[in-house]
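Let's start with one chain on its own, the form predicted alone, as structure tokens.
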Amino acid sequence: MKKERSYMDSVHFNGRVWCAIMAVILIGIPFLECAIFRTTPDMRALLLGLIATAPMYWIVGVIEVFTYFPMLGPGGAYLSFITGNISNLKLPCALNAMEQAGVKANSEEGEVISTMAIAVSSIVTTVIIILGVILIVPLTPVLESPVLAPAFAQLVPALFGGLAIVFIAKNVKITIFPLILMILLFIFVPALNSGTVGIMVPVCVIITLIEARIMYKKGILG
């Protein structure tokens, strides 16, 4: 008799399968375009570009796995890596959902809530993108209105600001140093901009973990 998979076994099996499918699709698109247009890239330029950029993304990819899996749970993490936009959308949705439900990220309840929140956010995002594609032409004059421009510029800061207040209030001792450090870095190092968020989030997490460990050892944290 075939043994049924447990929930977690099923999550890992399906997560690996879909991640592999997405990897094949993403890697296959350039080859498909080359076949359609009957052309090939400049291999020397491609190799030089990969040498300059790929190692950074490999490192970030490994760090993000260790960063997001404990925060989102296996189901939420697999779904986030497949659908993308983790730090700007999936992570805030999952953390807020678990906060509202009063569950911890490393619990079975937290795993379920996180996965459901990320799944719903993925569906909503897809629907909004479809509507955006359909309505982009008639809505362009409204969206480009000078009156609304300041509001659109503050959407992401408002989202993360609201989430930050909740977590900072709960862990004031831990958050003060990383918060000040990141603010100073982004102020005095101009190269750090919105494009480096994917790198700086895992870096900040590691710094916070080290700081929390030191504070715990010194008896500062109860």
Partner chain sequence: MAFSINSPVLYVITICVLVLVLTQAVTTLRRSLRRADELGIDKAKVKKVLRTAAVFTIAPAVAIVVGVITLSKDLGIPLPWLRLSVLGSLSYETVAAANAESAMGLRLGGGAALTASQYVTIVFVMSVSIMSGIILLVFIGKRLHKGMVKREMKDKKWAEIFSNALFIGMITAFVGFVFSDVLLVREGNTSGLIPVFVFFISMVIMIVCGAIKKKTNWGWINDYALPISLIGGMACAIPLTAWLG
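Residue numbers count along the first chain shown, from 1. Definition used throughout: the rigid core is the maximal C-alpha set that superposes within 1.5 Å between two forms. Note that the structure is predicted; figures quoted are calculated from it, not measured.
What comes next is about the form predicted together with its partner chain, which is not displayed.
- Applying a 4.5 Å heavy atom cutoff to its partner chain in the model of the complex picks out 125, 126, 128, 129, 130, 132, 133, 136, 140, 143, 144, 147, 148, 150, 151, 152, 154, 155, 156, 157, 158, 159, 160 from 125-160, in order along the sequence.
- Core-superposed comparison between the shown form and the other one: the CA of residue 157 stays below a 2 Å shift.
- Superposition on the rigid core between the shown form and the other one places the CA atom of residue 141 2 Å or more away from its counterpart.
- If you fit the rigid core between the shown form and the other one, you'll see the Cα of residue 57 move by 2 angstroms or more.
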